[in-house]
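Given as structure tokens, the chain that follows is alone and in the form predicted alone.
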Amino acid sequence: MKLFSTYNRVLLFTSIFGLLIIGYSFYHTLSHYLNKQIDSYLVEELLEVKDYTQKRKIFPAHEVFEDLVIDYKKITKIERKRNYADTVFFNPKKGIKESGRYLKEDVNLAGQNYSITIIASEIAHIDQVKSIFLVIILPVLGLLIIILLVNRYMMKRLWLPFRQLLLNLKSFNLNQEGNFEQVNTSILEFKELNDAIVDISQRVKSDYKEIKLFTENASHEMMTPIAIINSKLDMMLQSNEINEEQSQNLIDLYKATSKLTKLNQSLLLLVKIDNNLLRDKEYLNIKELVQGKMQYFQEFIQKKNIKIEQQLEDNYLSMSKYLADILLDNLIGNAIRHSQQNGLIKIELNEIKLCIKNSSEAEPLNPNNIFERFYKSPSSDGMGLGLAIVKQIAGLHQFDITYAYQDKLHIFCLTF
């Protein structure tokens, strides 16, 4: 979840929860205050009833007013003290039931004991409470909405430099000539972050250039000695003055130097791809390249008696022919090399992807590091650079290369 969304959710939840708590407390406090007023009014009415009886000699007093009902009930003994409570009563003046508040008290009127219940309608007070509540809460709610909207706008504005920094970091490439693009901002924290990233990127780029230059120079310097060693070994192998044991030792040396030569060539190729030195792009029909590569490996396929299943569609891509040849050579060559005797290879090509599947007795590979340099399965006798070169070529042409193991098939898919 985004930081901005998380902050807004917490703020919104806290605001709504706080508003509900405050609204609930305010409503009940206001209702309690108005109930007190009604209770005072009921006491005044009770005093008026007593006054009617004692001074004006009018008994009983009026029983029904517009929003007031007085009930007299004879009792033998005065027991009940003054009591207040809410109730629902029938208002004979209005002819309806409505909510009210009553006062009940036992009194002596004209020498007779009565339990007097005075009920006052709460309708007017409830409407008053609602009006006051809405008058106060609605502006608060409006203010809260305005604060949330302003906060949302300000947060977007304030985080713009950070988003731009993130975009620049994602687009930053060590192989490109330009430096990390700085972001102009007046916010001190983002300015310090920007300066730190610029400083780190420059140091990383400088170190990376030195490593690439060292690798390129070392590979170039190794080519001449390796060529001389191979030449000398050829001459010694053709000599008639060496015995069988010496000849076998020379053959082992020749194989070792051949492997060293291939390793050197692979490292040089990786350096060229990293430096984007192979730019001879042209439109190639991948279907024809795949068919040509299958013809090239025909002898190895027949030797292992591998069954080939192909579903190839025309697909024209703009890429280096040299790199396309290396890419297919690695993918198809690996599939043939690692297939068991009487195995199966499926090749599917359409506008979206090229998938090469091969059966093998080898265990599934680790998809997390299979494309790393010098990674190889225990059963492989290679140098562990072939799939790293495939990944570099795919990345250079903005393709996606993936590995999966399904139905006992090792599957490499190149998505264009």
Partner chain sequence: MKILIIEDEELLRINIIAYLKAEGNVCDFAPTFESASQKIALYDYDCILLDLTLPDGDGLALLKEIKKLKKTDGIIIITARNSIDQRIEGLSLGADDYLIKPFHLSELGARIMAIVRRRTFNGNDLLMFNELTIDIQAKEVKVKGEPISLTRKEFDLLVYFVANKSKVISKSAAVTHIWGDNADMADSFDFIYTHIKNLRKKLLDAGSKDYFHSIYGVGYKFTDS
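Residue numbers count along the first chain shown, from 1. Worth saying up front: this structure is predicted, and the values here are computed from it rather than measured.
What follows is about the form predicted in complex with its partner chain, which we do not show.
- Put simply, residue 215 is far from its partner chain in the predicted complex: not one heavy atom of it is within 4.5 Å.
- Shown alone here, residue 316 lies farther than 4.5 Å from its partner chain in the predicted complex, counting heavy atoms only.
- At a distance threshold of 4.5 angstroms between non-hydrogen atoms, residue 342 is out of contact with its partner chain in the predicted complex.
- Taking non-hydrogen atoms only, residue 329 approaches its partner chain to within 4.5 angstroms in the predicted complex.
- Only one of the listed residues (189, 127, 299, 309) places a non-hydrogen atom within 4.5 angstroms of its partner chain in the predicted complex, and that residue is 299.
- Among the residues 87, 261, 115, 291, the one placing a heavy atom within 4.5 Å of its partner chain in the predicted complex is 261.
- The stretch in contact with its partner chain in the predicted complex, judged by heavy atoms within 4.5 Å, is 232-240, chosen from 107-115, 180-188, 232-240, 147-155.
- In sequence order, 303, 322, 329, 333, 336, 337 are the residues of 303-337 having a heavy atom within 4.5 Å of its partner chain in the predicted complex; the partner itself is omitted from this view.
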